[in-house]
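Presented as structure tokens, the chain that follows is alone, the form predicted on its own.
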């Protein structure tokens, strides 16, 4: 017999070899029916399988069919658990791959992970193409496979040449899948065992876990298709990436699809063009062109941030866009960020041939375009002597940076090659870290609330594989951030291995009106870069000390945050943020002069107002104001001109009626103030 512990601290005794499914049945038939998978924390390493929970006490999600051991801590997962939805979607990726192979026998499978809100599978198609037009047939095939309720069976490969499941796996898409062969070689090269999962006639390389059978996968839908490269390497094979999603219920799937459709309507690229905010050109890939109204919105975001920073003792800087290449070696960016940087290259006309140009001429001091602002701020700090009495010292900059992005990942304002960071760096003593982090946490909350973004989640990200600095420095930095979070009382999640290359970080994820999560704000603690640049201050003891550097950005980038806001508000911006706040509309040409006088009054009151003098019908002009999502339209005709009034229509409240300009300004006074 074996004994396991349940989440409430109670224990259950089961026969040797019992599985998580047996445990669920022992607890009750209702749980056995609802069980999807199990979360197991194992006190000692399982030598029987590579995907078993480790001996370090970390929990792992496993199939219900996996045998339990004495001392295991076990939680049965149902559809109410977030991990269960990931298991469902991972299983749906296998279901989709099976269906695609049935319809496209020439296809070769690569990888199919779970992502936020769904899953995808990358597929190599030597011939032909796969488009959304193929989705109905694929989904119909997925429905047939799901209806057969094939069990998901885990197969651990002991001897490749003698293993029936592995032979079936090699033959599943023709036996010549070089992508899977590459994966198998890497797994074996690491000394790990191979695990496969089979349902029906389909077998795929996988660590699991999966739902009990394909009957759980009835509520799936394919959502989009895009291009990708094998291993994200543009020099490797081009793949087709098919996205999908899955839910436990039809109602949840329909709600998700409704949100997707709403997201399409809110697409900032579509709204940006429709509202004349910005556009892109092939001659400037990934570099946005902001039109007058878009520039107003862009400037409002910057001005709002500046006003908030001014209350917190920041000193704004402006540093060069181009700096010497050697500086980026010192900062560590060259080693860790080379592929994302732009470098200047000298061109000269050939002295012997005036029509020829020599490219990439060697320079005594090669230069690079800055991908980040931090080295410039370090140089400003270093430009003069500093005392402990100067600290904390807070530098800010609305700094334009450039980063190379592949065409396949560029996406409107969300992923561009030039953007403006609301960047800042705090230089402080070790004792001041907690106070500075606490200040920033409250500051970020205030900024997001200003834009009606109140749902904020916080993550602590630790040391990544590529990093600079000693183990001791990283341990100190991570402990400092953890301590600051604990002292602030804010809830946070741990995100191991996702820190910046120079230090751990706190990331702020905001949810928009459609409950989509966006990582925007970041606070990064850096003990390494001040040391590499030789920064110091004179302490109270009269000795030199190296300051701590805190990197922080709240918007992340002004461009990306602007794109988020366009979609969050569906471009129906609150009055204080609207690029055009009031549109004055004369009923006819006879009332143009009065319309102009009203327009001037609104401008004098510092409203962003425009007047529509086009030779169109008044109804068309009112509709145009509505389509442009302008908060207020002021219609003026003969009656209004005689009475000195305006007839106001609200985008959100409808007809407000006739009133004087003074009454109108008093009515909207509160809306005009963002609470800064």
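Positions refer to the first chain, counted from 1. Source: prediction; values computed, not measured.
Not on display, but discussed next: the form predicted in complex with the RNA.
Go through 638, 43, 644, 70 and name the one with a heavy atom inside 4.5 Å of the RNA in the predicted bound form.
Residue within 4.5 Å of the partner: 638.
Counting non-hydrogen atoms within 4.5 angstroms of the RNA in the predicted bound form, say which of 78, 344, 588, 470 makes the cut.
Looking at 78, 344, 588, 470 one by one, just 588 meets the 4.5 Å heavy-atom criterion.
Can you tell me which of 358 to 366, 302 to 310, 84 to 92, 414 to 422 lies within 4.5 Å of the RNA in the predicted bound form, counting heavy atoms only?
Of the options, only 414 to 422 has residues within 4.5 Å of the partner.
is_contact(residue 118, the RNA) in the predicted bound form, heavy atom dist at most 4.5 Å:
Residue-level check for residue 118: no, no contact with the RNA.
Residue-level contact is defined here as any heavy atom of the residue lying within 4.5 Å of the RNA in the predicted bound form; does residue 273 satisfy this criterion?
Taking the distances in the predicted bound form, the answer for residue 273 is yes, it comes within 4.5 Å of the RNA.
Touches the RNA in the predicted bound form: residue 432 (any heavy atom, 4.5 Å):
Flag for residue 432 set to no.
So, in the predicted bound form, is residue 619 in contact with the RNA at a 4.5 angstroms heavy atom limit?
Because a heavy atom of residue 619 falls inside 4.5 Å of the RNA in the predicted bound form, the answer is yes.
For a quick test of understanding: in the predicted bound form, does each of 410, 560 and 615 have a heavy atom within 4.5 Å of the RNA?
Yes, each of 410, 560 and 615 comes within 4.5 Å of the RNA in the predicted bound form.
Stretch 281 to 313: residues contacting the RNA in the predicted bound form, 4.5 Å heavy atom cut-off:
The stretch touches the partner through 282, 285, 286.
Compare the CA separation of residue 446 and residue 512 in the predicted bound form with the one in the displayed structure, and answer closer or farther (the difference is at least 3 Å).
Compared with this form, residue 446 and residue 512 lie farther apart in the predicted bound form.
Work out whether the Cα atoms of residue 418 and residue 515 come closer together or move farther apart in the predicted bound form than they are in this form, the change being 3 angstroms or more.
Note: Cα gap between residue 418 and residue 515 shrinks in the predicted bound form.
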